[in-house]
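One chain follows as structure tokens, the form predicted on its own.
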């Protein structure tokens, strides 16, 4: 079967990563969580007190950041490793969420991550989610989906995720964080969050994760059937 690139873009807490995992598992594709890459960079910058407005400090940090993904059999998904250390749990915490959009808006950081992502997708057969996959990383991706959802619903989903990890954060604080991230993601100079002209729009407010995955798989099957040689 023809192997392609599936790009899922959209706002945080719309179900992008979980949907991408389900689709990748169904198709036997690799799943790349680009948001996790920026979160790992954020963690490094936090731990090493990197000043984001200082180009020399940022360049030095990027020279010392090595991000890899390793499959975790217990979770049935890949964990993120930063310089050989599993940081999957740490990068999902609220303090990282509060800084990741600012970190990912730094042009040199974004360009470095995009280069890595493009390298990962050279062989196709991947599902990649993020903010600029269909517009910047893989503008020629065969399938592009732009995901959104009601902000209050997204905040509720995020609160549940944090509770499952032992963090009790008020819904108002989460909603404010999402609004801030949305603004930064949509207005940054390099790779802003925007819907690609040829992307399919999907509002996940009242969709289950299985329904979201089925929707993307339907797009995949339709594409493949139209392009069978």
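Positions refer to the first chain, counted from 1. This one's a predicted model, so the numbers in the text were calculated from it and none came from an experiment.
The next section is about a form of this same protein that is not shown, the form predicted in complex with a small molecule.
- Shown alone here, residue 31 lies farther than 4.5 Å from the small molecule in the predicted bound form, counting heavy atoms only.
- Contact between residue 135 and the small molecule in the predicted bound form is not found at the 4.5 Å heavy atom cutoff.
- Taking the partner from the other structure, the small molecule in the predicted bound form has a heavy atom within 4.5 Å of a heavy atom of residue 92.
- Heavy atoms of residue 100 reach within 4.5 Å of the small molecule in the predicted bound form, making it an interface residue.
- Shown alone, this chain has one stretch from 80 to 88, 103 to 111, 149 to 157, 119 to 127 that lies within 4.5 Å of the small molecule in the predicted bound form by heavy atoms: 103 to 111.
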